[in-house]
Every structure is written in C-alpha cells, then in structure tokens.
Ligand code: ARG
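One chain comes next, on its own, written as structure tokens: the form predicted on its own.
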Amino acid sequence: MIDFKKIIAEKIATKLDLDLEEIKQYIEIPPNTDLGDYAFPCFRLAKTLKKSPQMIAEELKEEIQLDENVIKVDIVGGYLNFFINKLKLTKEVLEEINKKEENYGSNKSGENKTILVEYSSPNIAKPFHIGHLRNTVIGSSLYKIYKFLGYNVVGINHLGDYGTQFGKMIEGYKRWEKEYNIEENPIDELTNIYVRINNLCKEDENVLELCRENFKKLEDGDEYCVEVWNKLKDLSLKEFQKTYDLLGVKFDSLKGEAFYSDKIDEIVEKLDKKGILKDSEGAKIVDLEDKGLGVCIIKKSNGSTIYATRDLAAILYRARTYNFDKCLYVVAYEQNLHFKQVFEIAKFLDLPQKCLDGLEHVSYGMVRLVTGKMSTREGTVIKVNELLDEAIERAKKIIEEKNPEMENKEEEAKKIGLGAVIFNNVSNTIIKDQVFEWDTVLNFNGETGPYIQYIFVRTKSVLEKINNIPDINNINFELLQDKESQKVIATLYNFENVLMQVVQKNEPSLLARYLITLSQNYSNFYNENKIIDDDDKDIQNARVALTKAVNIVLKQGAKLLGIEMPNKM
C-alpha cells in the first residue's frame, strides 16, 4: 500500500541534508485534520540552518512539487502541513483490506528474525493470580503481534519450578501430606501448605534451615525430594493449562528454571575464567558496584544456586539453540535490578553480539489490591480462575437483562467476560501499576473491551442485512469523502503503522487504544450516515464497503490482543 509519509519525506529530503528515515520520524499527524494530514515541524532545523522555523517552512514550501499524492502544502506556525489525495487514500485502503482481509496490516518486516518472548512463568504449587494474568496477557499479545509481522517467534513459559520455596514445599508435604486433599484440589491445598510452612519458618529458624537443606538435596538429585517435586509440578501444570486454554494462550517451550540446573557449572566456569567471580563468606559473587548494580550472588555458601544463575544458563542455552535477534522478558518492574545484573554478567558468556544486544526486559506495573500488595505467603491473592469465572457470570447476567432471547448465551458471555478482563490488562501503558477493583475490570461502558466488541457486532449486523456484499470494483469512492468517513479511512490506514510501533516499543496498549479510536470513529460515522439506503444503492454500497473494512480490522486487532469477538450482544 502507498506510503504517504515516505512520499512526503522524499520531497523534504531533496531540499535538506537529512536521512530519509530521520525525516520520517519527525513527521507528525496534526491533532486537527483541518490543518492537514501530515505535518513536518521546522523547529528542529532552526539551530542548524540559523533561520526561524517560519522562514524554513516558507523556503521548503516554495521547492516542494505537488502531485497526485500530495495535493496541497500549507504553513502554520513553523509547521509545514501536507494534504494528501483523500480519494486515492480511500481507494488504496478499501481495496487493500478487501484483498488481504484478516492479513491486512501484516508485513515481512520480521522475516529471518527470531524473537523469543518469555511470559507468564508462574511458580508451581502456587495460585495463578491476577499478577500472572497481566504478565500472560501482555506476553501473549506481543507473541501474536510479532508473529503477524513475519517474525519467527518462540513463546517461552519459564516456570518457577526451582528455588528455596520448593525446599519449603517439600518440608510441608513431608509433615502434613495426609491432612490435605492434594489430588482433588491441588493448587488451593498446596497454597495452604505453603502458607502454613512459611508461618512455621518464621517461628522456628531450625525449620527454615531444614527447608534450605531440602532444596540442596533436590539440586543434588535426592530421590524423595525429586519425587515430591515432580508430583507438585505435574499437578500444577495440569491446573495452569485450564487457564491457558480458557484464555487461548499457547507456548512453544515449557522449560522452567529446573531445566537449567545441570547447566550451572559451565556458567560458573566461564565467569571464573573471566576473573570476575569472587568469594564472599563462602558464596560465589560477581561485584557490579562499579556499574551501580550492587552484588549478584552466583552460588550460595551451601552450594545451591539462585534464579540469577539459572537465568544466565538460560541465556546461554537460548543463544546457542535459537541464535535469537531479541529475547524479551515480560516480567514486573520489581525485577529491574535483577535483569540489569544478569544482562551485564551475560557479557562475559562469549555470546554473539546480536544476542547480547537483543536482551530486553519488558517491565510492567504491579497489580495491587485496594488493601495493598498481594502475597501468596500471607494468603492474600485473587486467583485467576475465580476472576475469569466471575467475569463470565457478570457478562451472562448483563445478557439476561438486555437480550434474554439471545442464542448461545453461554458462549457469548464467555467471549465478553474474557474480553473485558484481557482488554483491562493491556489498555493502559504497561509500566503503570494497576489497583484491582471488580467494578473497574468489569465495567462494560466507556473505553473497554466490551465496547469494541459492541461496535464489531454493530458492523456485523449491518453486513448481515445486505444480501450481496458489493464488489469492491464497483464502489464509488468519491461518496466516502465526508468528514466522518475520512476519519475512519485514516484510522484504518494507520493499522499497520500502529502494529510496527507496538513491536518497536513492546507496548500492546498502543493497539488497544487504536481499537478504541477506530470503534469511536465508526460509531460517529454510523450515527451521522444512513448506511442501508434503498433509494441510493451507490451510497449504500460505499458505506457497506467501509463497514466491512472496519469489521475485518476490529476482529483482527482484537484477535492479536487475545480477544474473541461475539456474534451478538
């Protein structure tokens, strides 16, 4: 499809000693379309050219040639504003969507590039709570969007299946196994054991020491400890899979921390050979104080490892296995220091430079209750399965009130309830903290997932009323030059650009906000224009073609976020 921004950049580049891509980055979209479709701010050039922005704009305007793509250039306060051929834009957008349908917006920018996305990564034997849900939804959307743009993507669930907490779980299981029905209700019962053993550790230092010894035994392959650990892992994965199936989330790798336990020695050897490993009270450490990153423990004094060591082993394994261009870690910002330390130490593992450059922590804000931070140890978590069930039930109740005769109410309520929860997790900038409140999560009005679904259903309803969807070759695009239609067209045109921004910034909220804008613009178009018009079939055909395009992009955009569209609402 025609790249108007590139065309404008080329016109400017012939008059300025600037790189084409640099100019493209400077080009903006004015907040008011009356000012133009694109704007180039001349303020950036004032210092270099030693002229006022207004003068630079005037000189550039004199030199720029108008053509079939750019039909007008104006100057407003130091901005050079460009007006493009709206008729050509309309034809390009609707023909492209009609041709590509659900592949509209995809491209080959990721061809021959491998992206690893590590997301979800819950701890086994603990509840899958709303903090894990945010991680899972953000990571899954990035996985889908990168794939849509042609990247070879590997989704990794780096399970928390190792560490001192498993020494605690083994100790609790050993003491109280017969008191809990683990087979029937594994996660809840294992959580009860975990809370109980934690409380006992607080009261008795000797019990905490036994737990530490259990983990060391597990690392050393003790038969009993390995048997209990495997049982806890299998039961947990079975429960987690129910949530993943409900959310439509998939992974290509389920290698957790334990997978890397036999790869630790090589990490220690490499760091030792590089001369950066130091002894500290019996432990092995890397001192990063000169980088402002403190000290990172590689091995504890009892010989057991920590997750930093296992993350280093994972990086080495992934570099060798995938030779990745990017390895994204979707993990809460509380782990910022951890990843800075690990990425700094990874420089000593003899990795390809592109793998080192591709290590990236996609940090996101924490999910907190109104009463404060959640804690498994204290038993203050909201479990995802309960949240999703509640969301579906609330959606079902709304359907019963507003459309009791609806077919397949159960299935539609599931799509709406899950859509509300997923959209809530990706609709705001991911670095921001979220305070969890039921009324906010399940608000079906305003800028929410259900609103996007509602607009989609409206487009579907319009299309169902038409016996024959018009052939795109018979559309009179001149009939879509009104302001409301053009706002929709411009938004549709921007879909691919938004997806490119998502992967540049690893920020799925950009797509979520885009879908809200598209929904709002279509709603305005729908309210201002009669679509089904028996008296003027040419107008009807043009508006139906626009409606079909919105239907396709809304459905595909929502799918990339992990949201299914209902048939009725």
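Worth saying up front: this structure is predicted, and the values here are computed from it rather than measured. Numbering starts at 1 and runs along the sequence shown.
Keep in mind that the form predicted in complex with this ligand is missing from the display, and what follows is about it.
Interface residue among 333, 104, 259, 307, judged by heavy atoms within 4.5 Å of this ligand in the model of the complex: 307. Out of the listed residues 491, 121, 385, 253, 121 is the one that sits within 4.5 Å of this ligand in the model of the complex by at least one heavy atom. Residue contact with this ligand in the model of the complex: residue 160 places a heavy atom within 4.5 Å of it.
Not displayed here, this ligand is kept clear of residue 396 by more than 4.5 Å at the level of heavy atoms in the model of the complex.
Under a 4.5 angstroms non-hydrogen atom cutoff, this ligand in the model of the complex has residue 338 among its neighbouring residues.
This ligand in the model of the complex comes within 4.5 Å of no heavy atom belonging to residue 82. Residue heavy atoms within 4.5 Å of this ligand in the model of the complex occur in exactly one stretch of 85 to 93, 291 to 299, 457 to 465, 338 to 346, and that stretch is 338 to 346.
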